[in-house]
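This document starts with one chain, in the form predicted on its own, laid out as structure tokens.
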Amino acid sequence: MKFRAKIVDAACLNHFTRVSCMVAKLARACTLRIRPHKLNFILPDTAAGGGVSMWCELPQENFFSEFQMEGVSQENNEIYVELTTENLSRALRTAQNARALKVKLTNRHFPCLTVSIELVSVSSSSRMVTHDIPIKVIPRKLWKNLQEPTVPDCDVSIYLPVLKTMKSVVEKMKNISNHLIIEANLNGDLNLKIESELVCVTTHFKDLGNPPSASEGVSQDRSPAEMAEVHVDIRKFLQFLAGQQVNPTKGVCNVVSHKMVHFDLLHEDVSLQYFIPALS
């Protein structure tokens, strides 16, 4: 089992750092899945209380100038390791203005993901900063729990508004209620709503548009104005919004009435799927 990779392009390095920072905000610990052409950061719903799950995918050729790996075997050419996301994010924060970044699997009395950063000093000489991040190698028998989640047929699919706007709205709402109602329809309307004994507050987003595929999987007798709704834990939704450092190039919200909400975001070339279950 071997893995080593290198980033020399400054834009790729900054992008990789941003992705790791986003993942750290979304999950305390996660699985890193290494394959010949892709990296994944995975939070299976079994690992998170309440069943929040995440699937983040990075095509390796868009980040790494060098990339070598040997999986567990020829048939199973993959590696799965578990790591604390803050450790990776903290290590990469020291890579601002770095000349190069190297990542490899090592064994320093225990399995590690070793991150080596080549920094340039004022005198143009370079120095290396190395971080050994402890990891846990996940055995083959547990891989089946770490596959790409299947997205159930949704009732409504809708484009997301600017995430920073949603975040500022939801931050105010969380002071009133722990529960948030997300409503959406096929007319491009999205509502964020809280209800308590004393007050009912709704924020309306209009004309967001629905993806072309939105009406395909939807039953024919559904009126475009009819709202699909899901009740979620407002803190879990806020954690998702807080994790987004930049507004995605494309963001879609899929509502499965009374069961879950699924977010599908594309940040340049990184895709993120995030699932929040409905409150029972």
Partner chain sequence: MPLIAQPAPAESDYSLVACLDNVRNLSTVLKAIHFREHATCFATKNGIKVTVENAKCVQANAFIQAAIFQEFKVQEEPVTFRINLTVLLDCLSIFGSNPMPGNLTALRMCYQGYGYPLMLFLEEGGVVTVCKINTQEPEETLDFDFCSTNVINKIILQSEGLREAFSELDMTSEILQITMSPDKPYFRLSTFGNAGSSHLDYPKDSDLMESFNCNQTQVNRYKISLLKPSTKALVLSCKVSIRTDNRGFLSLQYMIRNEDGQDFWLLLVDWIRQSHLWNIMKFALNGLFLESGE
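Positions refer to the first chain, counted from 1. Values in this document were obtained by computation on a predicted structure and should not be read as measured data.
The same protein has a further form, the form predicted together with its partner chain, not shown here; the description that follows concerns it.
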*Should residue 197 be counted as a contact of its partner chain in the model of the complex, where contact means heavy atoms within 4.5 Å?*
yes
*asked:* Would you classify residue 84 as touching its partner chain in the model of the complex, given a 4.5 Å non-hydrogen atom cut-off?
replied: no
*Decide whether residue 205 counts as a contact residue for its partner chain in the model of the complex under a heavy atom distance cut-off of 4.5 Å.*
yes
*in the model of the complex, does residue 172 have a heavy atom within 4.5 Å of its partner chain?*
yes
*asked:* Only one of 139-147, 164-172, 91-99, 75-83 has heavy atoms within 4.5 Å of its partner chain in the model of the complex; I'd like to know which.
replied: 164-172
*Which one, 201, 119, 105, 151, lies within 4.5 Å of its partner chain in the model of the complex by heavy atoms?*
201
